[in-house]
Each structure stands twice: as structure tokens, then as C-alpha cells.
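Listed next as C-alpha cells is one chain, alone, in the form predicted on its own.
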Amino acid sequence: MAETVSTPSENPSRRDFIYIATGAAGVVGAGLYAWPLIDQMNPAADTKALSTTEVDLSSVEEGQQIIVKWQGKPVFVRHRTQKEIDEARAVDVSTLRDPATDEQRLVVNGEGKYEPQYLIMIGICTHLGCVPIGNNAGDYDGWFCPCHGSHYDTAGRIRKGPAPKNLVLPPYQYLTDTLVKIG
């Protein structure tokens, strides 16, 4: 007759239960201790508030530019005239240092259509970070950076001067026909 030997895994004892309970309590305690340390690394409420901004485009008249702040940076919101749009579209893209068509510099609205009259860009020169002068400044009726002489056209593309890239486009989307969320 074969004798049956019980192993600890088949017959848990009170000591095994205490080990498991102590280990579980230790894991929960470590989690409760670590949570405040991890949570304090999240951005503060004021930082989260600056992560997006909404702009009402209906207040920007044709030919006018406003500057809004987003993440501490100036953002140019320009309501371009038909002449400015036509000038931007007439440029041979192959002659540009940083090639981009006018449509590539725009975002579609909620209906999937481009709004070519509205141009939204971060207003920082891509050369050394100065803020360009707008309202038909420079040789191409767009923006001119007075620090080192970069000239941008009516689509914010670099045309002349030391800047290596076009003015940067922030991430934005149309919430309605006249409301844009930047960020």
C-alpha cells in the first residue's frame, strides 16, 4: 500500500496565509506611499490651462492679425485678404528653401474644407527665436524678422534671410466655423 505524503501546496497552513497576507499588505502600502511621489510629477493646473487656448475668429477682420499666447509663445492669427491668398498660391514651391504649398500650411475645418482666409502660426522666427513684425512687412508682404533680416511671405514661408524653416504651425482644429482650439 502506497503512503500519501501531503506537500505544503496541497495543504496550506496558517503560516502560508500569513505570508500571503503580509506580502499583499506590503504591496498595497508601497503603492499608497509611492502614489503622492508619482502624482506630484503631473503638470500643475496652471500649466494644464495653458496647454490649449480657444480663439474666436469672428473678431478678426479681413486684413487684420491678432496675437494670442499659447504655451508662453506668441501665435499669429491672420485673416488674409484674397490678394494675400492669391500671392501665396502663385509662388513656385520648387523655388522655396522649405517647400510647402499654401494648402499644406492650413488645416481643414469640421466639414473637411480649407479655410484659406485664416492663417495660424507660431510667431517665432526659425533662425534665432525673435518675433517677426507682421501686417505686410518685408519684401514679400508677409512678416519680417528685424533681428537678422528674415523675410516670410503671406503664407509664413521663408523667402529670404538666414531662417532655415517656415514659421511653425501649431496644432489646431476648428471647433465651429468661427472658433479654433490651439493645442
Partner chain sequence: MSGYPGYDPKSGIEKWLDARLPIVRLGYDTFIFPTPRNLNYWWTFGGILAVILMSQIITGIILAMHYVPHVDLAFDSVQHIKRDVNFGWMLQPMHAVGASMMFLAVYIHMFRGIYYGSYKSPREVLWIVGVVIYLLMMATGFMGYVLPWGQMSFWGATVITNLFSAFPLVGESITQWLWGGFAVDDPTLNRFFSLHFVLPFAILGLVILHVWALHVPGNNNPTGVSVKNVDKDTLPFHPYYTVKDGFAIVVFLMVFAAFIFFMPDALNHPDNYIRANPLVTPAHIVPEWYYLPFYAMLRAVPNKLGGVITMFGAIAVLFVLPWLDTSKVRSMRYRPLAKLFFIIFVLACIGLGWAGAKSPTDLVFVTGTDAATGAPTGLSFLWFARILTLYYYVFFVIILPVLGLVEKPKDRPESIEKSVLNTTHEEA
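Residue numbers count along the first chain shown, from 1. Every value quoted in this text rests on a predicted model; they were computed, and no experiment measured them. Rigid core here is just the name for the largest C-alpha set that superposes within 1.5 Å across the two forms.
Same protein, other form: the form predicted together with the partner chain, not shown, and the subject of what follows.
Contact check for G63: no non-hydrogen atom falls within 4.5 Å of the partner chain in the predicted bound form. Contact annotation: P99 falls outside 4.5 Å of the partner chain in the predicted bound form, judged by heavy atom distances. When contacts are judged by a 4.5 Å heavy atom cut-off, R89 does not count as touching the partner chain in the predicted bound form. In the predicted bound form, the partner chain lies within 4.5 Å of some heavy atom of P162. Of the candidate stretches 23 to 31, 129 to 137, 113 to 121, 53 to 61, only 129 to 137 has residues with heavy atoms within 4.5 Å of the partner chain in the predicted bound form. Contacts between stretch 51 to 90 and the partner chain, counted in the predicted bound form as any heavy atom lying within 4.5 Å, involve I67, K69, Q71, G72, K73, P74, listed in sequence order. Once the rigid core is used as the reference frame, the Cα position of P36 differs between the shown form and the other one by 2 Å or more.
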